[in-house]
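Here we start with a single chain on its own, the form predicted on its own, put down as structure tokens.
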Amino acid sequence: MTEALRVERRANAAVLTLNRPERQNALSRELVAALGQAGRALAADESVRAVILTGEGRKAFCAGADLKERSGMNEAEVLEMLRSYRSELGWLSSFRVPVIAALNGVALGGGLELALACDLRVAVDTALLGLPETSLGIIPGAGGTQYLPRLVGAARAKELILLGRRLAATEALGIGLVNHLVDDDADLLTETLNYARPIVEGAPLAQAAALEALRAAELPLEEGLAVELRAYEGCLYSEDRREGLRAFAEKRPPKYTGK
């Protein structure tokens, strides 16, 4: 990858670290392109059981768009940048394994939208979250108007976006915007890996099938139930399912292989 994004492995988890602490890990062209490249590379690696996305340093997960870079763009270039958010970051919301955002600090604007695209969010208890774009004369343009109401409901999303409200991590946890909090003095990555252990050590086929079914929850009920049935059928004939039953009967931890 590039210097803007650091990619490493922790056992079966891939850890992506936004590596622009001098700019509060803001989304530059280079960083957005690197995230897209990482997604394409990880898609071909079947050993990856989970992806963790975090930021370098203790100040910011991601402060949103790099406004210094953005100030040198014309309107056509800004629009192209917005399109690249979808083409290069869209994989976060549709990846075959769970993607977890580990919020090490401020997550504002496009930074929060990046986290919203992930399946789960873990945050230090001092993190600050918000979508302040309307106060700058624009709207959340990297999925915020679509992801946020799906997480917290339409009324709450309207309040947060139209008022440009910023939330402390504890309030974000209370409304379901964040799934899990970590003490600020703890090691966030270690705690996130511990949180993700049931995923990383779980049955890969079942995890992928559950994600497929859960992502169909926005469909009409009958269509969603049909997706659920197909996803279940994909697990039904698997060796992982048979191993799960054997392990339960033998009172031992299962050893899943993804087959």
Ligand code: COA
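This structure is a prediction, so every number in the text was calculated from the model and none was measured. Throughout, we count residues from 1 along the sequence that is shown.
The form predicted together with this ligand is left out here; the points below concern that form.
Engineer: With the partner absent here, would Leu53, Pro98 and Asp119 each sit within 4.5 Å of this ligand in the predicted bound form, counting heavy atoms only?
Structural biologist: No, the candidate spot makes no contact with this ligand.
Engineer: Of the residues Arg197, Arg40, Arg230, Lys59, which one places a heavy atom within 4.5 Å of this ligand in the predicted bound form?
Structural biologist: The residue in contact is Lys59.
Engineer: I need to confirm a contact call. Of Leu188, Ala172, Val106, Leu148, which residue comes within 4.5 Å of this ligand in the predicted bound form, counting heavy atoms only?
Structural biologist: Selected residue: Val106.
Engineer: Should Ala217 be counted as a contact of this ligand in the predicted bound form, where contact means heavy atoms within 4.5 Å?
Structural biologist: No, Ala217 is distant from the partner.
Engineer: Would Arg23 count as touching this ligand in the predicted bound form under a 4.5 Å heavy atom rule?
Structural biologist: Taking the distances in the predicted bound form, the answer for Arg23 is yes, it comes within 4.5 Å of this ligand.
Engineer: So, Leu136 and this ligand: in the predicted bound form, are they within 4.5 Å at any heavy atom pair?
Structural biologist: Yes, contact at 4.5 Å.
Engineer: In the predicted bound form, is there a heavy atom of this ligand that lies within 4.5 Å of any heavy atom of Leu67, even though the partner is absent here?
Structural biologist: The answer is yes: Leu67 has a heavy atom within 4.5 Å of this ligand.
Engineer: If we take heavy atoms and a 4.5 Å cut-off, which stretch out of 221-229, 43-51, 24-32, 189-197 is in contact with this ligand in the predicted bound form?
Structural biologist: Among the candidates, contact is made by 24-32.
Engineer: Taking heavy atoms and a 4.5 Å limit, what residues of 234-259 are near this ligand in the predicted bound form?
Structural biologist: Read in sequence order, no residue approaches this ligand (within 4.5 Å, in the predicted bound form).
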